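To begin, one chain is listed below as structure tokens, in the form predicted on its own.
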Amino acid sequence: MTLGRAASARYAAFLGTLAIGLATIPLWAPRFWIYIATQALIFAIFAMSLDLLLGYAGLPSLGHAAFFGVGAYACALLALRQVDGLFPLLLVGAVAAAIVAVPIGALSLRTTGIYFLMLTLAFGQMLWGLAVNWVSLTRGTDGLIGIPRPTLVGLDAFEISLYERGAFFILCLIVAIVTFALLQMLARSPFGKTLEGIRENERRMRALGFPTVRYRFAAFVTAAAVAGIAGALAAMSNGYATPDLLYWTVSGLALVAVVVGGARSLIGPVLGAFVVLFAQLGLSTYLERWELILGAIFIAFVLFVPGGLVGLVRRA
């Protein structure tokens, strides 16, 4: 019991140090690196949503970017209609992604393993094609541009502009912390433990009377809603929403982040997201075939560090 408490205290201290360290970035970093760190935080939220599927429910998906893109487009369409407010924009991203996930999850969860992987990939590519060809709504390959950032209204009608240095980064950090805390509570709840049991032995859980398909369906829709929030933040951060956000390579990068950071541990995808994004930035700056190097890093982690960065820390 004492060792467990000590480990929990060290884990809490690590999380607190990480959060404080990230919060200081706007104080010393140039504007470009603040933007990169903001993208990493958004990508970390997206990776955490995928980890709920892969790490806890045992559902590998290559179509998860579809919900990321749907959230971005829903936020963009609402913002371009002069709707100013952070919570409505985040909410519409989450709700739109969850609504789209309902029929996709209902059909995809009839299968498992590689068949589930391929079905999610197929549905994701269908939505990408829809975004490309539905020009009247999405403006095709040009996408929706000129998406404004909302204005936060504080006490005494004090307005906070999210265009100021570091303001949007702090917002994304707060959303990431809240998302991490909520998903951590979900993972440690009876619902999360049931998902782990289904992942390990679905037949046994079904024999014990658990409706395994319903549990996985709930996890699928929840993960989609979180991905939609990340997509809404991406649209606000970049000022545009394009079909590229729905493409399967975005899901692939998130999958790499989960594996590199360590699945079944929500802090793992956060660390993996930062590593993958900064590796992508650094490699693409100096190498034309940077995807080969990133792929080699992914293979190395799968073969030699199956627990990811979190696994290395736990061993130490």
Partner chain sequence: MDVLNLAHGSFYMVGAYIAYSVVVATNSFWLALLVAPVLLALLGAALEVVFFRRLYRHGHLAQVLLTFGFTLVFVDLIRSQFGPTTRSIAPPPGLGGAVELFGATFSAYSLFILGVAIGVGALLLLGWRFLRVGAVLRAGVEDKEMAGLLGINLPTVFTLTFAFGAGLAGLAGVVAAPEFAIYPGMDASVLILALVVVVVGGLGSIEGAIVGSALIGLGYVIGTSLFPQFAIGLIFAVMAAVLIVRPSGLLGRRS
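Residue numbers count along the first chain shown, from 1. Take the two forms, superpose them, and find the largest set of C-alpha atoms that agree within 1.5 Å; that set is the rigid core. This structure is a prediction, so every number in the text was calculated from the model and none was measured.
Another form exists, predicted together with the partner chain; not displayed. Remarks below refer to it.
Only one of 27-35, 267-275, 249-257, 64-72 lies within 4.5 Å of the partner chain in the model of the complex by heavy atoms, and it is 249-257. A residue is said to contact a partner when one of its heavy atoms sits within 4.5 Å of a partner heavy atom; N238 fails this definition for the partner chain in the model of the complex, lying far away.
In the model of the complex, the partner chain sits within 4.5 Å of a heavy atom belonging to R110. Taking non-hydrogen atoms only, L54 approaches the partner chain to within 4.5 angstroms in the model of the complex. Within 4.5 Å of some heavy atom of the partner chain in the model of the complex lies at least one heavy atom of N133. When you look in the model of the complex, the only residue of A122, I170, I177, L91 with a non-hydrogen atom within 4.5 Å of the partner chain is A122. Checking M118, V95, L152, L77 against the partner chain in the model of the complex, a heavy atom within 4.5 Å turns up for just one residue: M118.
Each of R289, A296 and L303 comes within 4.5 Å of the partner chain in the model of the complex, counting any heavy atom. The two forms, fitted on the rigid core, differ between the shown form and the other one by 2 Å or more at the CA of G295.
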